[in-house]
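Encoded as structure tokens, the following chain is the form predicted alone, with no partner shown.
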């Protein structure tokens, strides 16, 4: 069972949460900064209005600047947060006209205020304050002596106003996040609906339904559906091949079994011992062919359903060919043929393979050559190649195969339209499966002027350590 991983929906949700959290943090920082700036602008406007009101109250009788602090200016500075209010007026000659606090106004601050109205942060009596300074001329009076005017108040009200503005922005942002989360959840459910439909379609299918999917999906899922359809097509191909194999195998087994039954029935109706003996010989011969057919069917099934070749190891192919050729030279089935072996390259020849499978391949190729060629035919095993690849081939001078049947010889139960032999039609199919298992290529060609050649090309490998010189 495949261990479950984090769901796609959860991954999308986590990514969206991370993105929203990052952007939200930036937006909240910007909202707090904007709230402080807005509070400063609003309160600085009050400082400016108070400065202008005090400036209008300035008088220069006999050339000496005086002022009667207007109540309206103090009312402007007295905010709803009960801020402490400060004012400081100084004549151009350095004389203090009036003040209610010894404000920390430096020469640099006064020089800056002479050029334009300024707004500065300072600390007075351990508390942060905000000051506004400007220089006022004696417009309408005989004297032109300027007066520097500074007003200010503590920052507590500004901070409270900034927090109030920030809370409103944060509340709106939180509401927006909740609405966005709900919309994203709906969008994710809608966007993942094709996946749910595909999953439900696959769940509702019966085990033997491997027809192509006809489901409309988004472009991003099209490749997935096409991959599933290719998988279903491969399954249909393998199932059809299996059904054909079963049907052919049933037919191949039915024929000798029917012959056994008819032979035994005829023998049972006779009282002649000679007929019984002949029937027993026929039954024995047919049972042997049937047993061989069953063995080859098992071999083919094993090869087609085995996993990767984990049993591969370096083996000397020339040595294996000599062993198989020597064994067949002593068999009754090959005594009527001229069986030879030609190794046209330095030995040993090492390839990586499974010994039992290559042994089975050689046996089937020699057996096929003996069964499908007339007595007296020459059958030659050949091994040739170069430093990288090696070709094993078996050739005979028999009748060969017509061109139309040549390409089908590696299919199960294919005999090249010949029914006059006792072969099962599985030898070359087994050889083809072994070739594919070893990453090789099996080829079947007619020889000139007559005969057949079956070749297998394999890749050479380095010999094992104990065989290196």
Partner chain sequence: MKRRLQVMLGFSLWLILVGTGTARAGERLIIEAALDRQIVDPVLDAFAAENPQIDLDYRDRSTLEVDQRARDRDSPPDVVISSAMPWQLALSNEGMAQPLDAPEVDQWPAWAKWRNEVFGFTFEPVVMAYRLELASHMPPPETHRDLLDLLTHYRYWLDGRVVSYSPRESGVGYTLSQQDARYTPRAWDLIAAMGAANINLETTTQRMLAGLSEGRYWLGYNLLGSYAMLWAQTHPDIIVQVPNDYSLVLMRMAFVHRDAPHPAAARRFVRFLLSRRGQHILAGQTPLFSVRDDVIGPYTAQRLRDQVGDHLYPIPINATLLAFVDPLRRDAFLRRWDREIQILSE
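Residue numbers count along the first chain shown, from 1. These numbers come from a predicted model, not from an experiment.
The following text describes the form predicted in complex with the partner chain, which does not appear among the structures shown.
Site annotation in the predicted bound form: the residue of 100, 163, 211, 347 reaching within 4.5 Å of the partner chain with a heavy atom is 100. Proximity to the partner chain in the predicted bound form, taken as a non-hydrogen atom within 4.5 angstroms, holds for one residue of 34, 411, 441, 66, which is 66. In the predicted bound form, the partner chain sits within 4.5 Å of a heavy atom belonging to residue 82.
Using a 4.5 angstroms limit between non-hydrogen atoms, residue 372 is distant from the partner chain in the predicted bound form. Interface residue remark: residue 386 is not counted as part of the site for the partner chain in the predicted bound form, having no heavy atom within 4.5 Å.
With a 4.5 Å cutoff on heavy atoms, residue 74 counts as touching the partner chain in the predicted bound form. Stretch 83-91 is the contacting one of 164-172, 273-281, 83-91, 318-326, since its residues have non-hydrogen atoms within 4.5 Å of the partner chain in the predicted bound form. Of the residues in 117-131, only 125 comes within 4.5 Å of the partner chain in the predicted bound form through at least one heavy atom.
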